[in-house]
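Form predicted on its own, single chain, as structure tokens, below.
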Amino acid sequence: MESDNKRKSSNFIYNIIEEDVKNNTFSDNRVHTRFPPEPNGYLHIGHAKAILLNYNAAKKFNGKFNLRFDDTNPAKEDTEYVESIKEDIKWLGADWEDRLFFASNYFDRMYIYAVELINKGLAYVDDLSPEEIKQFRGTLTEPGKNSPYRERSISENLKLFQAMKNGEYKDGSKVLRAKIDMSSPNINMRDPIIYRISRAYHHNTGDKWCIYPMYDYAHPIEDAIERITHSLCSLEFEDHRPFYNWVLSNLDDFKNEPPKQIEFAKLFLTKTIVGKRFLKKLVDDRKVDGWDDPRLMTIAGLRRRGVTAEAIQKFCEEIGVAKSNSTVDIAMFEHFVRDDLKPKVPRCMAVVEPVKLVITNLPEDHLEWLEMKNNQDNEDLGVRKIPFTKEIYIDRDDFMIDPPKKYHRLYPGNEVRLMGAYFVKCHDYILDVNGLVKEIHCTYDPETKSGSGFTGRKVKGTLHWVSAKVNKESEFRIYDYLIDEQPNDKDEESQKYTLNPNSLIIKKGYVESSLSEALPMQRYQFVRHGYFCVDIQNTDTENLIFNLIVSLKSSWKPV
């Protein structure tokens, strides 16, 4: 157990940081991390892993953690995304304190650094079209070719770049490129673009700029300006690290103690997909109910569904940090959601497909209040009162006219216990015009009250139920996986997926009257149905809307 706990509390990134602290790699043994989202969509479960890794690394080594928006592409960015990201990170428990930054705040300095590269003969203005640049770039097996504009003089490049900044050229007509090596085996080092012309309104700088830095150029500069020590990023940036280092090694301000980029594996889950383009298309095409649709694995969607931040934290801790990509079974994630909720939430009764059961040997006005524990495993959650009346509702699949063998629920002539109440025995039923059971008739045994010390005959079945006279009408949103197919974890955003037509099923039923005052985001375990949460958008006082958080059954067990 001790070695297992040590494994969970450490990883290869922590080991690297620990070695850097030991060797005083950064002055004063500093440890400073950051989470740098692009504000072009909502965060998802994969981002949660990166957020917590960066935050926990800083916390573990008494360092600092920044939130910085990499807002270098205004055409795809919006203040809505900025605000949603801040809310999500705060909810996850990662505290950036007063260190909130924007890449756009550094645009003036980035321009000056680009001029420095031009003056050093390390950058040039290129007139090739995007298609020509792609052709000249070469392939993985063939080297690229130098642009015919590559040998422009420093003075000409300075003049052209100034004119780009002043808005004298059309969008896409010119770019500024780093001058490195068109024959490099790493395509990212074949004279990458570092500035492009784009007359797009920026959410932070407005119309001040018509040229914008490329992410790969801006990112190392942002890290260095903020004195980040360990730039933790996903594995896809491994091939970009040489350019990250190239930028910092060629700018005089950052040659001393440049940040260290370290890559880790992204989080992939079975039966789900989190690619931003895929998610945005679903939202834009109205295939889902916005970015916080509970079927999405966005942080906003998980929060609205009722998943807790603690469950996500424990899940991310358990899966650890790896150097190579792999796919985690979503059943493992669901296990941690259940494990977190089990001791925390009240266990109540809900009937999602109601059929009426009449107790014929009770008077019409019978009303008896029964006491039940809210959670058998947590006495602190107390007790509640349940109204027992002549007419109640049970779930339709808890009654069969002609049941198969080993069916221990209710059928003609069989006796079962009503949870927390009495034994009832079926003696009749009524069908509607379509041949469906409309009403079930039973008698109850008053000697069999739960908790009364009854030690007589035994029954094999126990049914949950809700009073038909004193209850709360409710809507139950039963969520399933959004896609039918398993995504390809190597290139998920290029794949096509079939949406599951049964990813959302809405049912109408009833919950106990004790839930009448339930508020948005309150969570419950409904016996035999699963864990549910009152929808955050539920403003109807007449009816409650419950979102299924997770079912009760799990196919994954901790090792």
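Everything numeric in this text was worked out from a predicted model, so none of it was measured. In this text, residue numbers run from 1 along the sequence as written. In this text, rigid core is short for the largest set of C-alphas that superpose within 1.5 Å between two forms.
Beyond the structure shown, there is the form predicted together with the RNA, which is absent from this document and is the topic of what follows.
At a distance threshold of 4.5 angstroms between non-hydrogen atoms, N11 is in contact with the RNA in the predicted complex. The closest non-hydrogen atom of E83 lies beyond 4.5 Å of the RNA in the predicted complex. Interface membership of T72, defined by any non-hydrogen atom within 4.5 Å of the RNA in the predicted complex, is confirmed. The shortest heavy atom separation between N15 and the RNA in the predicted complex is within 4.5 Å. The stretch among 424 to 432, 323 to 331, 154 to 162, 280 to 288 whose residues place heavy atoms within 4.5 Å of the RNA in the predicted complex is 323 to 331. For the marked spot (K76, G172 and R528), a heavy atom within 4.5 Å of the RNA in the predicted complex is present in each of the three residues. This chain is drawn without the RNA; in the predicted complex, the residue among K260, K179, R347, K271 with a heavy atom within 4.5 Å of it is R347. Among the residues R477, H335, H441, R384, the one placing a heavy atom within 4.5 Å of the RNA in the predicted complex is H335. With contact defined as any non-hydrogen atom lying within 4.5 angstroms of the RNA in the predicted complex, E38 is the only contacting residue in 36 to 63. If you fit the rigid core between this form and the one not shown, you'll see the Cα of L410 move by 2 angstroms or more.
With a cut-off of 2 Å and the rigid core superposed, K460 has a Cα displacement that reaches or exceeds the cut-off between this form and the one not shown.
Once the rigid core is used as the reference frame, the Cα position of L128 differs between this form and the one not shown by 2 Å or more.
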